[in-house]
Structures are given as structure tokens and as C-alpha cells.
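First, one chain by itself: the form predicted on its own, in C-alpha cells.
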């Protein structure tokens, strides 16, 4: 009789434990990174009855496992890094596009239009200071706009470096958390059972890390978990090799290093995207990052000022002065420092409109200055040639192409990642409908086992207390 009780109790306990697992799944339906768990159930060892055969002894839950596809994890982590890289590039290039502001009322060409329009108006009456004043003011506005864009590009580059430092701290923090979890998981799993919830937390950290930097993951047969960047271990079971950001002395160049000083080989990830933006000057087929646009802006400011000054030096002001620069700048950082020369700021009469001294209505040099805008040899050296408008158009075109490419790559990666995530959710995600169906199923099994115990109890009552009472 006890044999039957044991079998019924085993069924009761198995159903109860399955309900607990279902309860845990439902409780974590909104937990980020949670993997659906399932109890592995099997029949217990049967009892051999001589001459009859094997009599079943019930059931048991012998393991609780995560429903997870390691191939989908591998795919997700691999595709997450390029998405992080292109997202960083897309966001920063979008910022640079806003700085250049093409097309808008705050664009380079708008300021250039206003400046040359003021020169054209002045050519109709070069002796009148009321026509000279707009030339100075519009030229000043034009140079201030160049200064402002140069300063913002510098700030954007500094912010990019700060973002890299934050990402380095993030990588090291995640690596240490993974090592700590490795220690806990390893000690818990010595008994042979999986620490499912701790593994979820570790996988979530790897997922977060995979967006920052390209990682690969390997778990050995003895349960030691390893995370590496381009083949070099970041986390080797409970040991961590931290990375650091190093600034090259006497320069603004930086590099990502391991603790022993060797270079970290970044292939993708948000950190790689930020590094490309910070260091990419477009030379030798490198990425066109912030330095590239800074160099182009410097090239424009220096070239424009030199060419305009050269022609301006040939003319004469109302006071007969000649050989006066219209613009001035610091050769080390032309775009950030370009402004009007002291002579032009102090005295409007120094604007050299004439080709000869003594004639206040002479506008021949002014007309030649105006003609510079259509001079196709204005920029005859360097990466872009042609008129000032052609040069600006070239910068804006490069920026538009780079920005569009980053946006397309980001959208493509994002779509790919969403597809993989959908597949992961279909395998590992918690479904209310499925869990509710399981709850009803295990509840019925529990009630059936309880009913079986009641039945056996009645049988025992009859057998012990009522059998053989007739005739007493």
C-alpha cells in the first residue's frame, strides 16, 4: 500500500515543482535578459515484480534548464558590434551636418552670399562709408561662423574622447562583473546543476559588452568561461585583463591598449566607431572622421584668406593706403582664428576698392575681388579645387555621403539584429499563453495525484478499519 502512496506523492511533488517553474517564468516575463526555464521530467526506476514484470514507481523532476539557442547568441553578439559602431558614427556625423547647416539661413554659402552681396553694393558707391560698413560686418559674420564651426568641431572631438573613456570604464566594469559571476556560477555548478539565473545575468552582460566592442565567447567543458577581443582574453574565467586609453605624449593622438601596453585590435563596436571619428583624417584610405572635416575647414579658411588678401593687397583704400590684408589668422589653427585684420577693423577707408590712389570712385580692385567668387582657380591645390562655393560643396557632399552611408549601415544592422532577436524571443522568451497552458496542465496533474492519495487513503481505511468486521 505504501508503494502506491509513494508513487502518488512523487507525482504530486513533480507537478508542484513544475508549477513553481511556471510561476518563476511568469514572474520574470518582463525581466530583461531572462531565459524561459523548463523542468526536465522522467519516470523513476521501476520496481521489478518476479513473474509479472516492472511496475512503475512514479516520476521526478531531475533538472531545471534554460531554453536557449547558443547559435542565435553567437549571431546576435557578432551583429551587435557593427550596429554599435555605425550608430556612433551616424550620431556624430549628424551633429557635424547640423554644424555646417546646409542648406539653411545659417549655412556657409548664405554667409558667403551676404559678404559678396555687400561687396557688390559697395562697388556702386565705393566712396560712401555707409556702403563700406556692411562689407565689414558681413565679412565679420562670415569669419565668426567659420570660428564657431571650428570650435564646435573641437568640442565634438573632445566629447568623443570622453565617450571613449566612458566606454573603456564600461568594458572594464563589465569584465569584472563577468569574472565575479564566473566565480559564483563555477562554485554553484560543481554539484552538476546549472545556475540558470546567474547565467542569464552573465549573458546579458556579454550582450551589453558586444555592442561596445567585438567579442567572442567560449566555455570549456569544465565550465570555465572566456571572453576575448580579437583573440586576446578580456576575461579568462575569474581573471580580467583590463584595457586603457592612452594619449600619445606631445600630441592629441590616442590608442586603446591592454594593461601590458600592447595595442587592442578593434574590429567593430561603439568604441571602434568613436576611435575612427576621433582619429580618422581620411589619409591613406582611413575613415573620414572629425579631423578630416577640421582639416578641410582649415584648408578653406587659410586658402580663402590668402587668396582674398593677395588681391586686396594690390588695391588702394580711400586714404591711399595699400598692401593691407583684409583677413588675418593663426597658421596653426586658421579656421578657429580667422577674422578681419586690425587695419580693416579700425578704419573702413582701408578697404582697397581702387586700383590706383587718389580716386575715391575707383572700384576696379573691388570688381576683381568680387570676381574671385567665380574664379575656378581660386583653390588650385589640395584635395578640392575650383571656386569657394565648389570647395564648400565638396565638403558638404563628402559629409552627406558619409552620413548617408552610416545611416544605411546602421539601419541594415538594426534590422538584422531585430530579426535575430525575434528568433531568440521565439526560443527563449516567456509566452503568457504557453505558461498559462502549462499552469493548467500541471494543476490538473497535481489535483489528479492528490485525488489518487485520497483514493489510496480510503482503500487503506477500508482495509484496516472495516475489513473482517462482519460476524464479530
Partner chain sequence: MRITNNMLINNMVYNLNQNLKTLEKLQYQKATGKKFRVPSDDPIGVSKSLKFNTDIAKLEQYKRNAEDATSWMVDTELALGEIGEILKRAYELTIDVANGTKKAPEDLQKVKEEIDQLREHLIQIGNTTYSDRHIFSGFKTDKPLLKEDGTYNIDLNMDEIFEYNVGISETVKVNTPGGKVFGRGDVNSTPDYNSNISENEKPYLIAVFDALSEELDSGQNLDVIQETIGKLQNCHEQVLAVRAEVGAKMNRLEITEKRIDAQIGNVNELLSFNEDVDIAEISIQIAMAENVYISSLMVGAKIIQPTLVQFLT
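Since the structure is predicted, the reported quantities are computational estimates derived from the model, not experimental observations. Numbering follows the first chain given and starts at 1.
Keep in mind that the form predicted together with its partner chain is missing from the display, and what follows is about it.
Participant: Since only the chain is shown here, I'm wondering whether residue 437 would be in contact with its partner chain in the predicted complex (any heavy atom pair within 4.5 Å).
Facilitator: Within the cut-off, so yes.
Participant: Tell me, yes or no, whether residue 267 is in contact with its partner chain in the predicted complex, where a contact means a heavy atom of each within 4.5 Å.
Facilitator: Because no heavy atom of residue 267 falls inside 4.5 Å of its partner chain in the predicted complex, the answer is no.
Participant: Can you check whether residue 403 is within 4.5 Å of its partner chain in the predicted complex, heavy atom basis?
Facilitator: Yes, contact at 4.5 Å.
Participant: Taking any heavy atom pair closer than or equal to 4.5 Å as contact, tell me whether residue 39 reaches its partner chain in the predicted complex.
Facilitator: Flag for residue 39 set to no.
Participant: Using heavy atoms only and a 4.5 Å cut-off, determine which of 113, 342, 189, 219 is in contact with its partner chain in the predicted complex.
Facilitator: Contact with its partner chain in the predicted complex is made by 113 alone.
Participant: Going by heavy atom distances of 4.5 angstroms or less, which of 109, 201, 136, 145 would be at the interface with its partner chain in the predicted complex?
Facilitator: If I apply the 4.5 Å criterion carefully, the residue I get is 109.
Participant: Can you say which of 137-145, 232-240, 387-395, 177-185 gets within 4.5 Å of its partner chain in the predicted complex, counting heavy atoms only?
Facilitator: That would be stretch 387-395.
Participant: Hey, with its partner chain in the predicted complex, do 152, 163 and 446 all fall inside the 4.5 Å heavy atom range?
Facilitator: No, the whole trio is out of contact, none within 4.5 Å by any heavy atom.
Participant: Quick one: which residues from 429-456 get a non-hydrogen atom within 4.5 Å of its partner chain in the predicted complex?
Facilitator: 429, 430, 431, 432, 433, 434, 436, 437, 440, in sequence order.
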